[in-house]
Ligand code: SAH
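Presented below, as structure tokens, is a lone chain in the form predicted on its own.
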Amino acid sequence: MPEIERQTLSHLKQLFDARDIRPRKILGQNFLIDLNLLEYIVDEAQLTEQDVVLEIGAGTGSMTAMMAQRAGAVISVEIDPIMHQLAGEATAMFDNVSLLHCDALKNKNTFAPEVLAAVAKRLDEHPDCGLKLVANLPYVIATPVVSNLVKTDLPWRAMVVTIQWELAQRMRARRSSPHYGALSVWLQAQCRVKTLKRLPPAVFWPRPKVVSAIVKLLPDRQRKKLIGDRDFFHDFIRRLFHHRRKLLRSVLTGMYRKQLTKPEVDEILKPFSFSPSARAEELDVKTLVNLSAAFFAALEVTEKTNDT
């Protein structure tokens, strides 16, 4: 097994000084310098040759190389040209690593086409493999990366990522709590979400101003099956939680005022027996899945009626 560079603080400073470069705050470059934590993340991913790994934010390539020793293939994405070069040097001895120099996202709702193409290619080459996202995610893109991967039909098996602590709270939040929102519902309706560790700023260089977390997400196929139309569900909860503290009936009648009358909305809501003061933030994930399905079915009937 080839020896890889260990991403310590002294190693990073020597590497950066030799190139006369500095971490770029605008790109969220905070490098994890606790070797035990790097190994912990890779261990938690439980990588085998049956895994294709997607890493967003290769950095200097230290964790990329660690994962290449265990996984069938690693696709690592890095937007910074200098970091891309450093990661290439750190992983040059591995023939199962694909380094992409691009933005991981086309926009906030979609992965970049080259990223999806690279993942599809590796999965085609390894038909028995599944996909795992393992990354020290830049804070600025952490939410769309996780959310968009859940949104795809890719055969992902796990995500083990470092993210901002506040985002971890949002992912795991329960109804009526301050962090409960559309992201909480979207993820919990399809995944099991667990916070593995809370990370102080001192384990990164440069030190961020916020606390971080290592989070693990596993797909829950049974929960996912209950959703039905996931595109509709995603839009439904996003719009609903845009007015999370307003009265539920008022929000829903406003959302579908062009398709449904107020009496029709009341008819949809009747089986749920909501109180007149009910609000979106008070509803649990299962109820929201069922509510979305009820509106989807009603809108389908309305559309068919209008077509005839």
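This structure is a prediction, so every number in the text was calculated from the model and none was measured. Quick note: we count residues from 1 along the sequence shown, nothing fancier.
Although it is not shown, the form predicted together with the ligand is what the next lines describe.
Visitor: Since only the chain is shown here, I'm wondering whether A120 would be in contact with the ligand in the predicted bound form (any heavy atom pair within 4.5 Å).
Guide: Contact with the ligand, no.
Visitor: Using a 4.5 Å heavy atom cut-off, state whether D220 contacts the ligand in the predicted bound form.
Guide: It does not: once the ligand is placed as it appears in the predicted bound form, D220 has no heavy atom within 4.5 Å of it.
Visitor: Does the 4.5 Å heavy atom contact test between T253 and the ligand in the predicted bound form come out positive?
Guide: No, T253 stays farther than 4.5 Å from the ligand in the predicted bound form.
Visitor: Verify the contact flag for L27: yes if a non-hydrogen atom of it lies within 4.5 Å of a non-hydrogen atom of the ligand in the predicted bound form, no if not.
Guide: Judged by the heavy-atom cut-off of 4.5 Å, L27 is in contact with the ligand in the predicted bound form.
Visitor: Looking at 88-96, 224-232, 172-180, 74-82, which lies within 4.5 angstroms of the ligand in the predicted bound form, counting heavy atoms?
Guide: Of the options, only 74-82 has residues within 4.5 Å of the partner.
Visitor: Of I237, L187, A104, V161, which one comes within 4.5 Å of the ligand in the predicted bound form, counting heavy atoms only?
Guide: Exactly one residue meets the criterion: A104.
Visitor: Consider the chain as shown here, without its partner, and state which of L32, A278, L260, I268 has a heavy atom within 4.5 Å of the ligand in the predicted bound form.
Guide: That would be L32.
Visitor: Check for me whether the ligand, as it appears in the predicted bound form, comes within 4.5 angstroms of all of Q7, I56 and I141 - heavy atoms only.
Guide: Contact check passed for all of Q7, I56 and I141.
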